[in-house]
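First, one chain by itself: the form predicted on its own, in structure tokens.
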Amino acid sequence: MNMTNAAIAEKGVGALDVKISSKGVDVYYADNHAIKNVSLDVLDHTVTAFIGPSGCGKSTFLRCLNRMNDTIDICRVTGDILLDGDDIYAKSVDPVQLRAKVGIVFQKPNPFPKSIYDNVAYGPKIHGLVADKADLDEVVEKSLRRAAIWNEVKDRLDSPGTGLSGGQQQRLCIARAIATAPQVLLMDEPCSALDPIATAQIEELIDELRSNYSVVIVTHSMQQAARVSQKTAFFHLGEVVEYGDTNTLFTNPEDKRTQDYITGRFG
């Protein structure tokens, strides 16, 4: 059930339901211990930011949340990650179906070499989410509208997605990710390849998306984390040093390492 922004505000972020719960998560790349005993809850209808210096494990942990690390032979994940109380690493869980529920948008826009329409239609078709062409047309339009790009592309849906500008391509990739009706949207530095205007458009979109999804964003930009998120986790050397309300973490951090990072003493 979707909640309006007003209902979310009334309920208060602190009272929102836990969407993803992780406990004691460790990640190993062969002998390299990349993530160490990470436990944190991602709330529904909330933007959660992962910040920290390069190589601190934030993207690795993000990729645990939809089992993208399964695609790396030497990677091993231990601990518990639950989506709505269900273990996403259970043997009965199909990772492909999981990724329809937990979508991901990568650092560099990566539209398929297909038309704008087919980029968005691909997921609903392969997952059997639509009954006919009319259904599919509706999903494509709705997804492009939600990704704030419909008005720019509605007259050229047959044109290749690769012909769009960088910012438009990234919004197309967001439309593609939400076309499978996910519950969670993961974003791995979605603005790092974009100019400031396109970045501002994506940030505005992220704020709108949280009324329908739980959004988790990895970002190198502390300013971006402060602008778009309600919760922030600070990663350092594979550990979560501090996790809490974004405003509190940036204005009154509990850990000296967090303070040192956000004031630019390292990172």
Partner chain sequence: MVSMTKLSGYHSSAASNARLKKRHAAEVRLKAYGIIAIALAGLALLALLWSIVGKATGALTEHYITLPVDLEAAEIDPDNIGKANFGGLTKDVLKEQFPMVTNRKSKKLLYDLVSSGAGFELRQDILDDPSLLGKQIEFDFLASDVADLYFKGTFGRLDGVETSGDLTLIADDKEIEVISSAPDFIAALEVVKAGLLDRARVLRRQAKLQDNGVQEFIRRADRAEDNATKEAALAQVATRETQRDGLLAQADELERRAAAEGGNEKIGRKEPSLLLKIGDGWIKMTEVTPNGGRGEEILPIGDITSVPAGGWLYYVADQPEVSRKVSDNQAVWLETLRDKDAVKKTLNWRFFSSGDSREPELAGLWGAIVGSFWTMLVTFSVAFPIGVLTAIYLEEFAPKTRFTDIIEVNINNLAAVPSIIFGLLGLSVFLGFFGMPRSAPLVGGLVLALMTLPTIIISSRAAIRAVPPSIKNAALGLGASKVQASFHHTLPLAMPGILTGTIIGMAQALGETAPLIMIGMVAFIVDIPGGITDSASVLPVQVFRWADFPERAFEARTALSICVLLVFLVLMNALAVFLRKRFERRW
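None of the values given here were measured: they were computed from a predicted structure. Positions refer to the first chain, counted from 1.
Another form, the form predicted in complex with its partner chain, is not on view; read the next lines as being about it.
- Annotated contact segment (heavy atom within 4.5 Å of its partner chain in the predicted complex): 175 to 183, selected among 175 to 183, 189 to 197, 74 to 82, 148 to 156.
- Taking the partner from elsewhere, Asp87 is found to have every heavy atom lying beyond 4.5 Å of its partner chain in the predicted complex.
- Among residues of the shown chain, Leu164 is not one whose heavy atoms approach its partner chain to within 4.5 Å in the predicted complex.
- Although the partner is absent here, Gln169 sits far enough away that none of its heavy atoms falls within 4.5 Å of its partner chain in the predicted complex.
- The closest heavy atom approach of Ser221 to its partner chain in the predicted complex falls outside 4.5 Å.
- Each of Lys101, Leu129 and Asp135 is positioned with at least one heavy atom within 4.5 Å of its partner chain in the predicted complex.
- Contacts between stretch 79 to 105 and its partner chain, counted in the predicted complex as any heavy atom lying within 4.5 Å, involve Asp94, Val96, Gln97, Ala100, Lys101, listed in sequence order.
- Pairwise change in the predicted complex: Asn212 and Arg145 C-alpha atoms lie farther apart than in the shown form, at least 3 Å.
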